[in-house]
Each structure stands twice: as C-alpha cells, then as structure tokens.
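Presented below, as structure tokens, is a lone chain in the form predicted on its own.
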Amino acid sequence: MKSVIKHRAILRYFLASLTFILLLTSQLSAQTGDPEKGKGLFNANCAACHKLDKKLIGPPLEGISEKRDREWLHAWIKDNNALRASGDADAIAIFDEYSGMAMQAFPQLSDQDIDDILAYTDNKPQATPASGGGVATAASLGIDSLEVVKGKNIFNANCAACHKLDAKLVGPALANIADKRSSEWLHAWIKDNAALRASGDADAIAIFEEYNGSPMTAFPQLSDEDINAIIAYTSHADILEPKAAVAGAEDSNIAKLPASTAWITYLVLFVFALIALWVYFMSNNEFLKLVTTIALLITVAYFGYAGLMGIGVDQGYKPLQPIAFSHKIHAGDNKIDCEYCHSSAKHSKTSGIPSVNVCMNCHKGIAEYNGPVTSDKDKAFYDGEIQKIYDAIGWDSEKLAYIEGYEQKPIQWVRIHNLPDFAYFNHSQHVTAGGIKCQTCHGPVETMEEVEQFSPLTMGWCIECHTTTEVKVENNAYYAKIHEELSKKYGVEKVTVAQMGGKECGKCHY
C-alpha cells in the first residue's frame, strides 16, 4: 500500500513538472517575433522610406500592428499591389493618400521575418536624441520627398549607367549639379545635348571636348517634370539614405527574447532524467524501476540513432567567405538571375563558381554601395568588400582600367554544398531538362545575406522529391512520348520522376 501511495506521489510530481514545462513553452511560443532581428530587417528593408516616430516617404510605423490586422500587414508587405487589386479598401486608401506611389513589394520576406519587424515596431524604441535642438526634416527644409524618390527612380533607369552622384564614372559626378548649372541649361542639355552644342553653347562644347568627343545619350522622352525630379534627387539624395543606428542607442529598449526555443526540449529531457533517477534510487517498486530503465534506454537509443544518422548531414552549414557576398542584395534586391553568375548549371554537371571577370561585368561601374545599411554593415563595410574584388583582379577604380602587369589573386571561396563521391548529380538534368528552380534545393537564396545549406541533401530527401515531382513534358517530344506510354501503364495523368526510373539505384550510384 505504501508503495502504491509513493508511486502515485511520484506520478503526480512528474505530471505537475511536465505541465509547468508545457505552460512555459506555450508562453514562449506565443512571442512570435524577435524585435532584435526585426531591427536589422527594418534597417535593411524599411528604413529608406519609413521611420518609427514620424513620416518620411511613407507613414510612421511605431505600433503599426495596433492599427492594422496582422494578417493584413503580412499581405501588404509581401505584395501591396495584389492587395490593392483585390479591392481592399485600406490598401486603396493608402495608395491614394500617397499620390499613387506604390510601395515596394517584399515577397522574399518570410512570415517570421515580418513578425520580427512588427515586434520591433511594437516595442516602441526611443529615437536617438538629436544634438543641437533637433534634426531638420525634409518637410522643414521645403523639400518634396516624393519628388526626390521619383527622381531617384528616373536617375537609376536613365543616368546611373554613366553617372554617380559623388564620383566620376563614364561621365562627371552629378551631386548638387543644380549649383553649377542653371535649370534651363540642364533641361536643354539632357533633352538634346547635341543640339545645345550645335547652337554654340560654350559649356556644352567644353564638356564634349573634356570627354574626348564622346556625346551623351539624348533623352527627349523625359518631360520637364521628370528632369526636375532628377535635379531634386541630385540635390537632396541624402534624405533617402538610412542612417546607421548608434551602437547601443536602442538596445536597452528592446525586450530580449530567446533566439530559439530548442532549449525547451533539453529542459524537458533534463527534468525527465532527474525524475527517472529519483524513481530509480528512491523507489522500492521494482516494476517502476524496470519501466524507468526501459524508458531511459529507449530515449538514449532514439537520440543516439538520430545523432548517427546526422553524421555528414550539413544542413544549416554557413561558413565565413573571403568576401561578404550578399545574395540578398544581388539576387533579391537587384533581381540578378542565378544562372547569370552560375552559368554552367544549364549545361553541365556542376553549377560553377563565377570568376572575378563575371563580377567585373557589373563592378567596373559599381565601385560603391548605395543600398540600405545597418548598424553592423554600413556603407564603408560594403565598399571595402567591393575593393576586395578589385584587389583580386587588379582594377584601378580611379583610372577605370586594369593595372598592367598585375599578379591576380583568385578568390578562395569556401564550398558549401558537397555530395559524397559515390552520389552522382547533374545540374543540367535538373535545371534544363527538369525545369527545376534553384530555390527548390538551395532555398530562398534571394533572402540570404550569407548562403547556407538549406536542404539536408540526403538520399531520403532526394527520393521524396523524385516520388512527388511530376515530369514536365511541355515542348519536349521525347518526354511527351515516354509520358504517354507510362501514364497508360500506371493509370495516371501525370507521371512522376520516380515512375520514369528516378528511384533506380543506378541513376545516382554507378
């Protein structure tokens, strides 16, 4: 009888402990966003147009989740154009309020990323105190920020190939050009510089001769309003630049949340182990000891097997690279196709590592970074990374020419994805014949600052893909014929890769 009572007491203690842990876990999981991560995402994606406590180009975002439904905010941030097209009244009202200027869509942001951003805006961090009695805003200076934004877009589309704001490129630097030339002259020069030169204008002729008789492209299609917007951008581009956060200025106002709740699992196991040891050494019930021993052996076997099966599985591997190449900036923000840099993926077994010459196709004219920055990675950081490319190949960014006789130094990239030698994989078979997107295996690389191994790359993972992926037969007579025969054999409309032999051992091991 005493044994039974003791047994019940131990069971009640165990259930109470487990209930406490589950409640703790549920409370932590209820915190859906990490404001510290949200701060970095906000600075990288939102700070160019938004502040927390005041209007910039867009509205202030402090406490925005108290004004809009969270589901609505997810839809708005990912694709505000689609939300507006659906007839959503709030989306249409915001579009009309800001003179028909659509916000940039962010489909690359995951739901967790957006929750992190909202967590940051909900924490209401205090703004960095201004020195000298406050900070002048665009409105207080009489600057039309919407016109500056419009000018930036027109500048990037028409001028950026040959001009920078603060440095010479193909043509001269254009920052504050309105202080050097009259508005009427700039309009005439931009619309038709050849005609202005033919009229005998001394300044136009001098510029033509300074640049060795190389005429600038004429832009007669630009309206006077377009040119005024460009001039406004060259004069006031600084109002669009997000300022790097002062280190520690907001940290004290951010509620610290655990980066991961994985430790809860270990806590549960630890408590279970303590209870099991207590039962084993304190109880006189032999049956309870036997059950506890079996439970411990099963637990050890389970985690031991999982550990052994994880050997060689490098999912999440993210090594430091010699250059901080950001796929988010290149593939995400600038929409550079993966196959532009990894061109051999379409034609050969390997995807290939792009040579420095491929980098220089763009970076001959891009010596400086002008995108969003964070407190960790400011403009100077990114400019230094671009300089590493120049140091590798021997490019003089001042003279815009390769250094004669320079001994080039190949960039020692660290390999991330690596299959065993006994497994055969052909990129061209998947990319060209199969029409598989890079993200299927490599994950959303367009959102990754540092690329990591997204998939486990195990045999089971490959077989699962072959079992569920249907063969694309459009515009492929060979596959169409095979598909017709196999679809009759299996009695299906769509044949999977596995049904075409994708599960045969010899396909990957020979």
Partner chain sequence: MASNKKYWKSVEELNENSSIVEKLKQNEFVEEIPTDQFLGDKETLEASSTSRRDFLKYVGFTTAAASLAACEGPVIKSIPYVVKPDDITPGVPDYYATSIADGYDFANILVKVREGRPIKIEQNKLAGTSGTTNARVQASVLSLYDDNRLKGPKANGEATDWATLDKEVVAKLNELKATNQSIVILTGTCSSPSTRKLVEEFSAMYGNVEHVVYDAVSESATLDAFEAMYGERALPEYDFSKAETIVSIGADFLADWQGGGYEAGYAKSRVPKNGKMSKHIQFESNMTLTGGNADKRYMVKPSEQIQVLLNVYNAIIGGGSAKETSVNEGVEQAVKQLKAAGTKGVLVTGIKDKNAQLLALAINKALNSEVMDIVATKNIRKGSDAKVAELLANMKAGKVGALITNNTNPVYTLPNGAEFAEALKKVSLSIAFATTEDETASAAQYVVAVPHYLEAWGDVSIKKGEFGLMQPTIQPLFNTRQFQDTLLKWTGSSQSYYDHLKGFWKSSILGGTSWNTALHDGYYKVGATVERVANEVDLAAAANGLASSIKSSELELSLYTKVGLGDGKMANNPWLQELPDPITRTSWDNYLVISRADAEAKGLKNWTVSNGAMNGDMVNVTVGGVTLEKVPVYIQPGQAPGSVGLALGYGRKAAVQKEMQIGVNAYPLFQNFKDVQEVTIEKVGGVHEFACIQLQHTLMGRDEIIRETTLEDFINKPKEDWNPEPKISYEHQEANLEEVDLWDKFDDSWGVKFNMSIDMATCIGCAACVIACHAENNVPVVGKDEIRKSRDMHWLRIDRYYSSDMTVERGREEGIYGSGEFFESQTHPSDNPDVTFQPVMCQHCNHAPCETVCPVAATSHGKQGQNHMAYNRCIGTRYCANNCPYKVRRFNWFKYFDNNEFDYNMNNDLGRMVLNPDVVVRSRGVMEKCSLCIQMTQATILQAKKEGRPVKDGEFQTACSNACSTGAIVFGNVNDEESKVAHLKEDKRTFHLLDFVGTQPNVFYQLDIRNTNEA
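Nothing here was measured: the structure is a model prediction, and the numbers come from that model. Positions refer to the first chain, counted from 1.
What comes next is about the form predicted in complex with its partner chain, which does not appear here.
Student: If the cut-off is 4.5 angstroms on heavy atoms, which of these, Ser214, Thr217, Ser223, Gln412, is the one near its partner chain in the model of the complex?
Tutor: Contact residue from the list: Gln412.
Student: Given that its partner chain is left out here, which of Ser428, Asn156, Gln104, Ser397 has a heavy atom within 4.5 Å of it in the model of the complex?
Tutor: When its partner chain is considered in the model of the complex, the option within 4.5 Å is Ser428.
Student: For the interface check, one of 230-238, 432-440, 282-290, 109-117 should have non-hydrogen atoms within 4.5 Å of its partner chain in the model of the complex; which one?
Tutor: Only one stretch qualifies here: 432-440.
Student: May I ask whether Asn176, Lys180 and Ile366 all come within 4.5 angstroms of its partner chain in the model of the complex, judged by heavy atoms?
Tutor: Per the other structure, none of Asn176, Lys180 and Ile366 touch its partner chain.
Student: Taking any heavy atom pair closer than or equal to 4.5 Å as contact, tell me whether Cys362 reaches its partner chain in the model of the complex.
Tutor: Cys362: no, not in contact with its partner chain in the model of the complex.
Student: Hey, in the model of the complex, is Pro372 touching its partner chain, heavy atoms inside 4.5 Å?
Tutor: Result no; Pro372 lies far from its partner chain in the model of the complex.
Student: Using a 4.5 Å heavy atom cut-off, state whether Met500 contacts its partner chain in the model of the complex.
Tutor: So Met500 counts as contacting its partner chain.
Student: In the model of the complex, does Ala91 come within 4.5 Å of its partner chain, counting heavy atoms only?
Tutor: Output for Ala91 is no: heavy atoms all beyond 4.5 Å of its partner chain.
Student: Using the arrangement in the model of the complex, list in sequence order the residues of 484-501 with any heavy atom within 4.5 angstroms of its partner chain.
Tutor: Contacting residues: Glu485, Leu486, Lys489, Gln499, Met500.
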